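Consider the single chain below, provided in structure tokens and representing the form predicted on its own.
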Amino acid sequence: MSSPLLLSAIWVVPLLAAFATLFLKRDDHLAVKLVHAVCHGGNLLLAISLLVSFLAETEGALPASGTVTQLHFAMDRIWIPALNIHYNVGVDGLSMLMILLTAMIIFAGVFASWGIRDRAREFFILLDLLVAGVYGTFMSFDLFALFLFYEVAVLPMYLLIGVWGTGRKEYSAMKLTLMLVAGSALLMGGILALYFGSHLQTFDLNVLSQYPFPRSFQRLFFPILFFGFGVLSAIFPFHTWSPDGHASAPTAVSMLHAGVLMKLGGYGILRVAMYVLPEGATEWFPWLILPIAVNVAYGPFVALRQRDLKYITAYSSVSHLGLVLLGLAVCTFTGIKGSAMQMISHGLLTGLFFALIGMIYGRTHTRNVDEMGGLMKRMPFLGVSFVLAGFAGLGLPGLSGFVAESTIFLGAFENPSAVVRGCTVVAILSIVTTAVYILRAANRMLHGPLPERFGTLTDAVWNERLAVIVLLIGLFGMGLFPGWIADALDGSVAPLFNNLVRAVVP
């Protein structure tokens, strides 16, 4: 089997697992989980092997001097001839790394959900649909297919939260769905505008990136695409769906939601809006950087007021995703590369946080930090893992957060604008607030007297330890060995950045 077929297999395998699950007995929960452990474990190995092949192909290559993304493992087949829609897939460094991130999180999510018994078959089938959509979005270079996969990834969230969630799950599921559908409506309008506005009637991203759209066209449609994708990245003030959705979602869904689904927003802004409409990006970002700075600074202060662990992590995500957008908005090579690194780092970080919160809640039956205390005495593995995740969140050197955030800040100061540098200073100062709420929550949970009702708590079991260790390997691997990730991203960022330079200096 050729590499292009192996790449397509990554999104097909979850669908095959979902189909196979239909033939299992409804109450045979172990068989359902074993099918998915094998499926997503195999996909993780496949993603690793493709990444190794990709790195071997690109070893020693200099960043591209052109403005077209060079695709690896590419396959381009006509799909709907009447509309010139293609099945056009391939990867560059960013896509390959995001696919690997998705594979790691869904693999960990299966083992974090090992104890689920309520309609397990349907739960895992919906997870399969969600993750297949995410994989397809990251590898699609035809806008129609990209949008189709994007919708497949978003829509299962309604059922996953509304059926298997907790608390105000119906309200949270409906709020999330309505907000994301509104963003999807903007995306559909923007994509159709690109299709008809180019007069080429093509959805091919690389072709559209070379089409000279008039500045007036770019000025009109860049914000439509930006906010269409930005809703999924919880950009202020369209972020309110995110904390409620996180708080109500079951563990594996929270992991996928925060770990990869929300990255589709930043990825789409970079891959579509900035790549195809660079003049619109350079005109709008000096204005958009202000609400982006609010994103970064607002999240930590709201997190300080929370007592629910999921809400703390959710508002932390609003801030960290603001850093993704900040890296894009500064329009420098280093800043954009830092933004891509932050997507990966934040995916690992939030995936781990929500996995740990789910495991702790399953034992204590509370997420309120004021009702906890002394948990380190009964759950040392989970406690130490939570502290390590917290250190990554506040940017401790040696972990992924430091590498990503410092790259963004360095790239931001390469931009001579006083407004950009001022917003960057605000973003840097927000790290202090981040340290306060993370360390305070960890201290209240893990230290002090142990409540009597927690005297019989047990630590993580084998499946939970496996899920946590996979994500910790990612956090430490990126933090201690960031060079290969930065090199893999150079080829992805260069065409986009060259397009931006060409937009400023024709």
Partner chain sequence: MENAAALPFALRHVWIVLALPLLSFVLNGLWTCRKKESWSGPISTVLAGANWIFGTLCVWQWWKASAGLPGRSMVPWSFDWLTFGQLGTFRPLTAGIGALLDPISAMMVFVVATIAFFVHVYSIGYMREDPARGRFFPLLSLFAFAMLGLVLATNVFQMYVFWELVGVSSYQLIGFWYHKPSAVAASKKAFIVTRFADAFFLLGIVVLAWVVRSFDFSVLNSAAAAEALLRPVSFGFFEAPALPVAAALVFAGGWGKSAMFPLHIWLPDAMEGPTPVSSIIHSATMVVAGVFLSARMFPLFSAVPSVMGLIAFVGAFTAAFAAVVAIAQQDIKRILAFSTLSQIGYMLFALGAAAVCGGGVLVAGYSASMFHVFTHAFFKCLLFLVAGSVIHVAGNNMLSCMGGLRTKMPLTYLSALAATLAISGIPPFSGFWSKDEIVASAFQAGHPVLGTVGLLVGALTAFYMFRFFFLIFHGEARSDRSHAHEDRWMTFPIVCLAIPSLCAGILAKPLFESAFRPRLLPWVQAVEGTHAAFVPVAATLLALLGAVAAWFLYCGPKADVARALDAEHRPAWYRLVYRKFCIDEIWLFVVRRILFERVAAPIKWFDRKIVDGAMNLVGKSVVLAGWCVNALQNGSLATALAFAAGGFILVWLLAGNLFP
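Source: prediction; values computed, not measured. Numbering follows the first chain given and starts at 1.
The form predicted together with the partner chain exists for this protein as well; it is not shown, and the discussion that follows is about that form.
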| query | finding |
| --- | --- |
| Residue contact check: residue 480 to the partner chain in the model of the complex, 4.5 Å heavy atom | yes |
| In the model of the complex, residue 422 touching the partner chain (heavy atom, 4.5 Å) | yes |
| Partner contact for residue 443 in the model of the complex: the partner chain, 4.5 angstroms, heavy atom | yes |
| Residue 315 within 4.5 Å of the partner chain in the model of the complex, heavy atoms | yes |
| All of 396, 439 and 487 within 4.5 Å of the partner chain in the model of the complex, heavy atom check | yes |
| 288, 101, 264, 431 - the one with a heavy atom within 4.5 Å of the partner chain in the model of the complex | 431 |
| The single option of 275, 114, 73, 402 touching the partner chain in the model of the complex, heavy atom within 4.5 Å | 402 |
| One stretch from 132 to 140, 277 to 285, 373 to 381, 354 to 362 that, in the model of the complex, holds residues within 4.5 Å of the partner chain by heavy atom | 373 to 381 |
| Contacts with the partner chain in the model of the complex - residues in 162 to 184 whose heavy atoms fall within 4.5 Å | 168, 171, 175, 179 |
